[in-house]
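The chain below stands alone, shown as structure tokens; this is the form predicted alone.
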Amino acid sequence: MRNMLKKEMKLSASILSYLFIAFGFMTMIPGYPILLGAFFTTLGIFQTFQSMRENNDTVYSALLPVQKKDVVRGRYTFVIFIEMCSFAIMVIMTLLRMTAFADAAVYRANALMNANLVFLGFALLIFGCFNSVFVGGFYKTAFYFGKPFVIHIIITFIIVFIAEALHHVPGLEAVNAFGFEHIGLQLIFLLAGVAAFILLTVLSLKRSERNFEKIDL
């Protein structure tokens, strides 16, 4: 699996997948829907799938002396690697906003979603949905990815809309807590995001392995 990951990173990956990791820094932008940072990270990964298709990388990978399921696992491992790199930046930026910048006026006056553990939970949900809808959708044919990505865009913007609107609902203001206020509630959202990411990714991986085995390349 290590060799397949190296192959993905050195031969298959688009440079944009690495550059778009930096969108995790959008967490620090005030007055902006910061969850879009997760979407732009997935957009970078999309560029790798586009480059891979144009270079006939799927057939090349299938011809390597590995099992077909290892080809799928290598691609998923690469996707998760990019997502976790961006998520690590989001975590660091969020912790900065929860500590050093917790009382900054520019963030306190922000009507949009605050950077806290709830935000991180929603970011993981977006990544999990991408793995399920787009990556899993790609492996239905191992060639077409336009429709899965459009569906991913729609789902992502629905998630962003819900996340941005949630704290405006009477009684749910606590989800937009600053610093470590309502930390219990924040942790619940974060753990729910972790669980959703793992569940969606694992189920998508297993489904993709089965689908790829049936495809005659």
Partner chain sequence: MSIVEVKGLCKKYPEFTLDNVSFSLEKGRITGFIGRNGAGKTTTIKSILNLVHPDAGEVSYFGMPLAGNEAEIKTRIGYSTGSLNYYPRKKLKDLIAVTKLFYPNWNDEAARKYAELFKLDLNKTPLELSEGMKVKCNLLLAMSHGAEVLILDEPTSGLDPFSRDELLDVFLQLRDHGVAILYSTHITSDLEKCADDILYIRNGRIISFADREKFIETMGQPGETLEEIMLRSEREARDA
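Not measured: the values here are computed from a predicted model. Residue numbers count along the first chain shown, from 1.
If you look for the form predicted in complex with its partner chain, you will not find it shown, but the lines that follow are about it.
By the criterion of a heavy atom within 4.5 Å, Pro170 is excluded from the residues contacting its partner chain in the model of the complex. Contact check for Ser12: a heavy atom falls within 4.5 Å of its partner chain in the model of the complex.
For Leu63, a non-hydrogen atom is located within 4.5 Å of its partner chain in the model of the complex, even though that partner is not displayed. With a 4.5 Å cutoff on heavy atoms, Ala165 does not count as touching its partner chain in the model of the complex; it lies far away.
The chain is drawn here without its partner chain; in the model of the complex, the stretch among 34-42, 49-57, 184-192, 147-155 whose residues come within 4.5 Å of it by any heavy atom is 49-57. No residues of 130-145 lie near its partner chain in the model of the complex, the criterion being any heavy atom within 4.5 Å.
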